[in-house]
Structures are given as structure tokens and as C-alpha cells.
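Take a look at this single chain, the form predicted alone, given in C-alpha cells.
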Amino acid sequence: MSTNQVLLTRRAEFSASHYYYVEGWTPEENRRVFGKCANKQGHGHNYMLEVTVTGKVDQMTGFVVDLKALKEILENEVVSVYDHRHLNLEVPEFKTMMPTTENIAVAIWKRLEGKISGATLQRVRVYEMQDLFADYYGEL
């Protein structure tokens, strides 16, 4: 069995609503910049999350990380917090940060960093739509 570094990716899904709006701007300016996303009632997405970790393959188990534990961490730290929530109104980090795809990826990284035993967090990818996603690789 190889002891080389391997990248492993696990997916999770959550559904959430959000809006984009800068309070210091006029409603017209918000609509010009954010279009339909400036509606404070919000709109929803079915997000796809990919979390990639890296580590050495354990010679006994053949795994980089305990897959059940990784799934539980994603459920506890992300899915149970974000799923069926209005991100702007119900998730603490988005009370002061706009929940763009980019910022969601960063926020998820911060929620997961240091919590995945035996592996190193490599990448967080968040799909807002099938053709729109953001990758975050941590502080450079």
C-alpha cells in the first residue's frame, strides 16, 4: 500500500436562501450592481459543497481519513447550520459578511479548519449553481 499523499473529496448538499445588499447604497444602486439578488426577501439555491483533504494513506485501513467522521463533521459544522436557513438572517457569520459564493467558501473553511483529524484541509468548493462555483484554499 502506498504511503504517498492523496487528495480525498467528500460532497455534501444544503439548501439556503440569501440576498445581496449594501445598506449604505440606494435601492437603485443595489439593483444596478446585484440585479434580482438585491431583493431583501431573498432567493434560494441548492448548494453543493466539496471538501478536499490531503494526507497519507493509512496502511492498515487504506483511508486518508475516517470517512464517517468526515461526513459527521460536514453535517455538524455546515449542513445542520446552513440547510434550510436564510443565510443573511440566521447564520452568524453572514450578519456582517455578504453571503456570496466566495464568502460562503471562506466561511465553511473557517468552520472546518482544525477539525478534521488525521488529514489536512486542502480545498473548499461551493457550487451555487451547476455552472457557478468558488474554490478556497485557505490563507496564502
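One rule holds for the numbers: they count along the sequence shown, beginning at 1. Fair warning: this is a prediction, and the values are worked out from it, not measured in the lab.
Not pictured, yet referred to below: the form predicted together with another copy of the chain.
> Does another copy of the chain come within 4.5 Å of any heavy atom of E113 in the model of the complex?
Result no; E113 lies far from another copy of the chain in the model of the complex.
> According to a 4.5 angstroms non-hydrogen atom cut-off, is L121 in contact with another copy of the chain in the model of the complex?
Result no; L121 lies far from another copy of the chain in the model of the complex.
> Please determine whether V106 contacts another copy of the chain in the model of the complex, using a 4.5 Å cut-off between heavy atoms.
Yes - in the model of the complex, heavy atoms of V106 and another copy of the chain come within 4.5 Å of each other.
> Applying a 4.5 Å heavy atom distance criterion, does P27 contact another copy of the chain in the model of the complex?
Because no heavy atom of P27 falls inside 4.5 Å of another copy of the chain in the model of the complex, the answer is no.
> Could you list which residues of 63-83 come within 4.5 Å of another copy of the chain in the model of the complex, counting heavy atoms only?
Result: F63, V64, V65, L67, K68, D83.
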